[in-house]
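As structure tokens, one chain now follows by itself in the form predicted on its own.
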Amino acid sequence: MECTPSFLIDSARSEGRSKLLEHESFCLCEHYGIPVPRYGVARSSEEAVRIAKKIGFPVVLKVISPDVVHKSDVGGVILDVRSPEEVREKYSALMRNVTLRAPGARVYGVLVQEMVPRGLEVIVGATRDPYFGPVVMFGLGGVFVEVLKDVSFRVAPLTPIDAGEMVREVKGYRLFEAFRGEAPRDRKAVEEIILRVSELIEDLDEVSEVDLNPVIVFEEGLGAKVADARFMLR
């Protein structure tokens, strides 16, 4: 598979899809220099084992299907898989779950991806406002974005100053600093991801929404990594 925007977008449209699949989303992130976990696409349990060994344990298994919107709801995501034997067992369990809970759903394979270590969870997104055009969003990720709505917005294109302001504007900014024995978080790495998303939404007129959630932020100097990515096309 080519990791170029035109190839990924054309592939989705040729199949009548308005959403990039999981591996396509990571592929597009990589094209724009946005850090993602190591990953591969398996179409059998043995292929999943080979990919997991290459990545290193533990890994995450995610179903790849254009017909499953919420993968966790149908048992299509299995975390913290720690051995080749467990990969075989969980791969079969995942396929069984999806067949039972989403009968008729097309399944293109299983994404085998690195289990991203724990860290501060944030969200970076983008959308197209009817008045302002491309808009980039940043906030605390996971449940915080839904409950607290602690987010900031800027109209693209962004400058490094804009990205820095967006991070400092959220109420939870203190979590990036040394706090109760925790080391400070890699704020610069997050700002770089915000700038890359700004560039992407400016470049790709076909993309209507970007949702990188969660982005896991590690200790200062260790970077950040996108654990889950979603791109919608218009």
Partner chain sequence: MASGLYRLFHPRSIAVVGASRNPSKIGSIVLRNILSGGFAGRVYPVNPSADSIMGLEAYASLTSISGKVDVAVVAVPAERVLEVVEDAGRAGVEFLVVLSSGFKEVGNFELERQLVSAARRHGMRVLGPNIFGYVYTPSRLNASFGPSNVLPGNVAFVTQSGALGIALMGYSIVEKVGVSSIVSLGNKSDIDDADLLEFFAEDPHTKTVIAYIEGVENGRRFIDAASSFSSKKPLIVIKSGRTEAGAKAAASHTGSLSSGPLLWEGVLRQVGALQVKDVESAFDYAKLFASYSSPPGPRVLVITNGGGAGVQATDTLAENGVYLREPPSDYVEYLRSFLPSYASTRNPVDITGGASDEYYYLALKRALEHPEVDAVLVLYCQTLTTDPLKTAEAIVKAVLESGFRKPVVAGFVGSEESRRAVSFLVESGVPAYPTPERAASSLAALYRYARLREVVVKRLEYLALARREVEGKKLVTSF
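Positions refer to the first chain, counted from 1. Everything quoted here is computed from the prediction, not taken from an experiment.
One more form of this protein exists, namely the form predicted in complex with its partner chain; it is left out here, but the text below deals with it.
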{"item": "Triplet Glu121, Glu219 and Gly223 all within 4.5 Å of its partner chain in the predicted bound form via a heavy atom", "value": "no"}
{"item": "Contact flag, Asp80 vs its partner chain in the predicted bound form, heavy atom cut 4.5 Å", "value": "no"}
{"item": "4.5 Å heavy atom contact, Phe153 and its partner chain in the predicted bound form", "value": "yes"}
{"item": "Asp211, heavy atom within 4.5 angstroms of its partner chain in the predicted bound form", "value": "yes"}
{"item": "Heavy atom of Asp162 within 4.5 Å of its partner chain in the predicted bound form", "value": "yes"}
{"item": "Residue stretch of 30-38, 50-58, 179-187, 165-173 approaching its partner chain in the predicted bound form, non-hydrogen atom distance within 4.5 Å", "value": "165-173"}
{"item": "Heavy atom within 4.5 Å of its partner chain in the predicted bound form - the one residue of Val116, Val74, Ala126, Val107 that qualifies", "value": "Ala126"}
{"item": "The single option of Glu202, Glu46, Asp67, Glu206 touching its partner chain in the predicted bound form, heavy atom within 4.5 Å", "value": "Glu202"}
